[in-house]
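Shown below, as structure tokens, is a lone chain in the form predicted alone; questions about how it binds or moves come after it.
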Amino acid sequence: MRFGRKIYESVEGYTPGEQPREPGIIKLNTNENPYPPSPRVIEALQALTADRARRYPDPLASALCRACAGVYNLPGEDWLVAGNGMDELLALALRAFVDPGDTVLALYPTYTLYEVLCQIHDCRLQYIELNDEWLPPESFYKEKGRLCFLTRPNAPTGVAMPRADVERFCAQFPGIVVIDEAYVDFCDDHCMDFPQRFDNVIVMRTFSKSYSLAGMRIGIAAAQPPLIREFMKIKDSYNMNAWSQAAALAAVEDQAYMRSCAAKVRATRERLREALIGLGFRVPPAQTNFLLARWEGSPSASAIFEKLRREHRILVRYFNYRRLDTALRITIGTDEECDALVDALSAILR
């Protein structure tokens, strides 16, 4: 491409999970919530008028940020910035705090978008290998860099780094620590109190998972006001539309509904994990709405992935990457969907 920028010549871009158009497929490949959003979300969307479409939305998503400050026990809305999905906020963090050529840290394996964003920003991504228990090695706590993407619970392993170890890392790291809590509502604890304790910590959440709003694209980042002001300098003027703001506000105001759905997902997760282990998979204890199921027998994990897709119309995620090429990442669906998956796997492995 003779008109493209040279630094993008080797960038392949992020590859999202497959989104099938035909009906009748069991979709366990993109970590979507199997349950619908709160009824309050639908009511809020139906209440919007044509006049809201005609006018620009609130550029700061003020009502949403106020509500999130209350839920997260933060001092005020100036501790938060909303984004068009967490992915926008991750990109903004690099733009705000990292210069081209700087070093960015991430644990491996992790969310593959980090690497793409670093390539686009022309900074150096340094991976630190997780150990056999999918936890950071001791050397991680001595690393230096301009920014660190710390995914907790981790994707795609599902394992949550102990909170005390996250605290230990944040206390010594000289740069910005972005704690990606996309899956934290399925976890036993969280780090949303860290921004008040550390001036270098940004905690990010998404509404795509626990709030069942993946189609609306809503993310939120919490940090001390000086860091938030850096986001405000560079974000798009109107980066969240009126419909997304209304949906997110209604969702975050119905914490009881979100927690009830998350509890159902957690219960199904444990039942599915036991079933997968019974079939011979190695499955680490997860704190997410998915499981990483490792398979070292025959047929191969990639062959199982294809058989599920073609013969049983069940989609899971397969990553042909180092340390992941013998595993399947399986989203937690309804009990019925997970039972169908176990039956299909049993048939394939026989």
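Numbering starts at 1 and runs along the sequence shown. Please read all numbers here as calculations on a predicted model, not as lab measurements.
Separately, the form predicted in complex with a small molecule exists; it is not shown, and the next lines address it.
- Between 174 to 182, 126 to 134, 246 to 254, 230 to 238, the stretch whose residues reach within 4.5 angstroms of the small molecule in the model of the complex through a non-hydrogen atom is 174 to 182.
- This chain lacks the partner; the member of 104, 81, 201, 86 within 4.5 angstroms of the small molecule in the model of the complex by a non-hydrogen atom is 86.
- When you look in the model of the complex, the only residue of 111, 140, 97, 72 with a non-hydrogen atom within 4.5 Å of the small molecule is 111.
- Interface membership of residue 157, defined by any non-hydrogen atom within 4.5 Å of the small molecule in the model of the complex, is ruled out.
- Using a 4.5 angstroms threshold between heavy atoms, residue 161 stays clear of the small molecule in the model of the complex.
- Not displayed here, the small molecule is kept clear of residue 148 by more than 4.5 Å at the level of heavy atoms in the model of the complex.
- Using a 4.5 Å cutoff between non-hydrogen atoms, residue 258 does not count as a contact of the small molecule in the model of the complex.
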